[in-house]
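Okay, so here's just one chain, in structure tokens, the form predicted on its own.
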Amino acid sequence: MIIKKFQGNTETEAIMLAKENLGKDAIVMNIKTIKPKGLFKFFRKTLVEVTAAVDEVSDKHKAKESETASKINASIDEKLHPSAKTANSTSDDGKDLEEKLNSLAMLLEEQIENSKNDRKKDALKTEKKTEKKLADTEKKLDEKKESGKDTEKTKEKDESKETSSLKDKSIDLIMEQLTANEVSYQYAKQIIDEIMHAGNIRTLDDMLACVYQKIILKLGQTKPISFDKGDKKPKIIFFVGPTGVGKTTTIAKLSSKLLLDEKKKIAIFTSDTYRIAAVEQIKTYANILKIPVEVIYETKDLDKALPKYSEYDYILIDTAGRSHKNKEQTDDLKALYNAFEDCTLFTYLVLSATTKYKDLKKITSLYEDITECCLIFTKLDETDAIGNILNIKLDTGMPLSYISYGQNVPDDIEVMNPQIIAKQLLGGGDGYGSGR
């Protein structure tokens, strides 16, 4: 694992430096603002420092190291074998060089032999003077060595047992904390095994720091809503998921942020005509924000609705809650997707953090068969165990995006922060929701 810090005038510049240095797989672990200090602080710019990490050396970095090694080897060969570079030099020059090298070698051999003879003479004189002393002390040294070996072996065994015991206790404590937060035993053990395999673990603090960093890397880079230059207008954002997870409220919160913070043009389509008062609920939010709403009863209604909003940035689509056991509802969703095949589509799967892990696995497997999704977790204020966030991320590989923790619009939602999640999984901080 490689961890480095990078500074730039802006957050984007610092992140780009990190990506250039560590590669595209680098993960941003922390971002902080560094304010200038001292007498001249008014003449200095505020910098942004980004801490980034990458799990292993990228292929590009390896290729660069290989290229550097090749240059060094070529330089050495050029110095040792100059004849390879000067192929047009005359054979007479080569013979002269060879004779000089042979003469130099003979001279060196002669000097080395003389030096050896001198050392032998000195050694014989010294040996005669110390021979008697060595003979007298040899027996005492042997006795002390035997006694010291026994003591040293006993001490090493004790230290080894103590170190092993401390590591075992640390592992047990961390495993207990992760599983108490409903991280699956399989993934908790996997993290511990990876940390222990890497080595350099001496104390509980060392282990906690490594596990914290490993969890952040496994949670990965978050993927909130964004508009790329290559996207067609409008960009269609689907919100899907089971009944009662808070899709409509989540759409209202995100609409407010996109409209007020990013100044985007937004429309809302709703196909949730099954749930009582669902249309009225979304219209209430939309009227407050002055956002247009279209109700889609059938897919053919899109032929009239879509052309009205061709210049809008986003169309957020609220879908009906679907059971992963109901095949007919799943087919309806697939038909709705097909109606937007000429648009830029993106899907957010909304899940409740209070849902059982077993049920979450079935829900995500259903939507994996339909389309690629990013994950939004709601109701974090209703649970203290958030291990399922890590479990589902590792099960599906779906990118994480937003966290929702209340009914307040638009406040109780934000882009997921892997550092906060990792800290809460290890028992640190209050996490998301009230009190944080």
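A residue's number is simply how far along the shown sequence it sits, counting from 1. The model shown is predicted, which means the values in this text are computed figures rather than measured ones.
Keep in mind that the form predicted together with a small molecule is missing from the display, and what follows is about it.
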{"query": "Stretch in contact, per heavy atom within 4.5 angstroms of the small molecule in the model of the complex, of 238-246, 291-299, 200-208, 183-191", "finding": "238-246"}
{"query": "is_contact(Gln407, the small molecule) in the model of the complex, heavy atom dist at most 4.5 Å", "finding": "yes"}
{"query": "4.5 angstroms heavy atom contact with the small molecule in the model of the complex for Gln281", "finding": "yes"}
{"query": "Non-hydrogen atom contact Asp381 with the small molecule in the model of the complex at 4.5 angstroms", "finding": "yes"}
